[in-house]
Every structure is written in structure tokens, then in C-alpha cells.
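The data below hold one chain only, encoded as C-alpha cells and taken in the form predicted on its own.
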């Protein structure tokens, strides 16, 4: 294991969980993803200066793998069956359904587009996204805009195929 793991874990854990939660929609599974990511990181030779970017990309990839693999189906069905104490039930159902549709569409995007979108919308700066994905900082905005457009198109395409 790495000698710097504890320090990097303390600094990066909240951000890694936030990236995974952005994809998965829940903190519990996001924390499971973070655990997997830090275990992999602990066995890696990633330089400490590149740790945040590597961890965030790994969190996005791992969360997308969870999303795409269908491992969440049982948990999602259980969550949908359990009513949430919400004042306006209709709004809660619509919001939950929209989030499910966006996550499914995100899972159908090309991996690099999905990761760029997740990282940027998880609060990483353009420079951090660029470093994490080995892009030039000037191309991050274009990459994210194209990913957003592809996500919109995927949502429309899937909605019209129902």
C-alpha cells in the first residue's frame, strides 16, 4: 500500500463520493464506489500530484460500470417501492423518474463524454477535467457541451422510442 494513501484519502474522499453520487444518485452506493476506487488507488503507482484527477475519473468510470451493469436494479426497485415522506408526492415521482431517465441516458453515452460531463458537473474545474482526461484545457468546454448535447439527444431519442 502507498505511504501517502491516508493523506490523499482524507483530502479526496468527499470529492470522489460526490462524483460517484452524481452518477448513481445515492450516497450509499457512491461510498461503495469510493471504497473500490481507493483500494485500486492504494495498489497503484499514480503520482500524488495526479491523484485527485485519477481518483475522480476512476470514480466516474466505476459508477458508470455499476450503472451499466444492472447491479443497481434490485436496490432501485426497492427504493421505488418504499415511499418517501414528501409533501408533494407527484413532484417526487416526476423528479425520481426524470433522474432515472437521465442516469440511463448517461449510461448509454460514449464513456469519455459521460466522464467529462460527470466530472464537470461534480464541481471539477476545466483545468482539473483537462488533467484527468488528458485534454487541453481549451477543449474541455467543447467536450462538455458536446456531451450535454449528446445526452439531450439520447433523452429525446429514448423518449420517442417508448
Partner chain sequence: MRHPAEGTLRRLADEPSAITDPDRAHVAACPDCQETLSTVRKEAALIGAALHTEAAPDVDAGWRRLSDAFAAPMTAAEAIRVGRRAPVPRWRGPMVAVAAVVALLTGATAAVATDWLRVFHTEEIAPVTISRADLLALPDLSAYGDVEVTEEPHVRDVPDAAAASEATGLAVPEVTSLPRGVSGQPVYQAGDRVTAVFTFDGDRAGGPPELDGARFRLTAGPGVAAVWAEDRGVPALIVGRAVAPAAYSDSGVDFATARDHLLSLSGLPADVAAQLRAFTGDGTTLPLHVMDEKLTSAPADVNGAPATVLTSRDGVLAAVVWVRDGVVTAVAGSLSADEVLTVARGLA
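Residue numbers count along the first chain shown, from 1. We call the rigid core the largest set of C-alpha positions that still match within 1.5 Å between the two forms. These numbers come from a predicted model, not from an experiment.
One more form of this protein, predicted in complex with the partner chain, exists but is not displayed; see below.
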Heavy atom of residue 48 within 4.5 Å of the partner chain in the predicted complex: no
Stretch 1-16: residues contacting the partner chain in the predicted complex, 4.5 Å heavy atom cut-off: 1, 5, 6, 9, 10, 13, 14
Yes/no, residue 10 Cα shift of 2 Å or more between this form and the one not shown with rigid core fixed: no
